[in-house]
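Okay, here we've got a single chain as structure tokens, the form predicted on its own, with questions on binding and movement later.
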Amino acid sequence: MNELQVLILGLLLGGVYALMASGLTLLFGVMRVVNLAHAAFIVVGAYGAYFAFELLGLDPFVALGLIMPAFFLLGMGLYRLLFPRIEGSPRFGEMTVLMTFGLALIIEGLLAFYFTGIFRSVDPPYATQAFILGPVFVPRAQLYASLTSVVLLMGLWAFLRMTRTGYAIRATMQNRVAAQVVGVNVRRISTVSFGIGMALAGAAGTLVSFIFTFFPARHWQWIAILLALIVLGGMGSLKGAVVGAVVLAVASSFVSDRIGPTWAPMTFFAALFVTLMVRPRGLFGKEIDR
């Protein structure tokens, strides 16, 4: 495969990875929560798109308009149910890791119980079609998913930059205590942020449903990749999540082409190891307040 073809495939995949990682890094930036259940909710979103397609005949891009609001409400409900109890704990970070790890196990178990462990994917007509541009081809499914990811990320950027709630979220990301001192309702902002993070997970799940095959335990592979992306870019940095996603997706595409698909995941783990050794806060991250 020529270099231009590999680059195109890597860039398209990087756009989707950026959307997958954006909700995870947003929650860490606002709440200092490493949500290990984030990828599990992406799988739930993929199942939602699958059954919307199979039972209702809804195209994934139509289902997106239903799944994102549903996940937003689910996220706010989960935050109010689980996190206020431990907000004042001196070990808040450690407790959220354990809590979300347990939540991921529960979600995986429920999905496996009700839907079994077979591989599934959504199969709209464009899933197997491509645009042919001379010596290269552009898969329509990946192109549509990547462009949708870019639109959603631009919408998130505009929301954070141009709305009062967005200002409050950015202030909380910069300094949680200072934001509370100047009148920001941090609990409300955390609730909204958790809902946004969940909505992004639902959107990512809808888009990956016709790009990858998925099954209940697939989230463990995805969460490992997403953690590598946001550590490279900087925990809590949306810009870093996008840059990390594009860089590592392109790098893994070249590794897959030159060495073999089996070695592609090692690109993410190698980047995670090197980043933690050389620059623990990542490319765009800041020192974490203790």
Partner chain sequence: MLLDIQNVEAGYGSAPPVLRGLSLQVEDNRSYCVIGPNGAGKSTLLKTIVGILRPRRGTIRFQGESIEGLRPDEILQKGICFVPQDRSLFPEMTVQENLRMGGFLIRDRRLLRERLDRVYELFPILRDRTNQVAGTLSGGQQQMLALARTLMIEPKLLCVDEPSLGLAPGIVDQVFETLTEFRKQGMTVLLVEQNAVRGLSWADWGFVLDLGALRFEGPADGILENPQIRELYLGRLAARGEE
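Residue numbers count along the first chain shown, from 1. Everything numeric in this text was worked out from a predicted model, so none of it was measured.
This protein has a second form, the form predicted in complex with its partner chain, left out of what is shown; the following refers to that one.
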Worksheet item: Quick one: is Phe119 in contact with its partner chain in the predicted bound form, heavy atoms, 4.5 Å cut-off?
Response: no
Fill in: Ala168 within 4.5 Å of its partner chain in the predicted bound form, heavy atoms
yes
Discussion item. Would you classify Val184 as touching its partner chain in the predicted bound form, given a 4.5 Å non-hydrogen atom cut-off?
Written reply: yes
Worksheet item: Thr191 near its partner chain in the predicted bound form, any heavy atom under 4.5 Å?
Response: no
Worksheet item: Going by heavy atoms within 4.5 Å, which of 173-181, 131-139, 148-156, 191-199 lines up against its partner chain in the predicted bound form?
Response: 173-181
Practice prompt. Can you tell me which bits of 10-46 touch its partner chain in the predicted bound form, meaning any heavy atom within 4.5 Å?
Written response: none
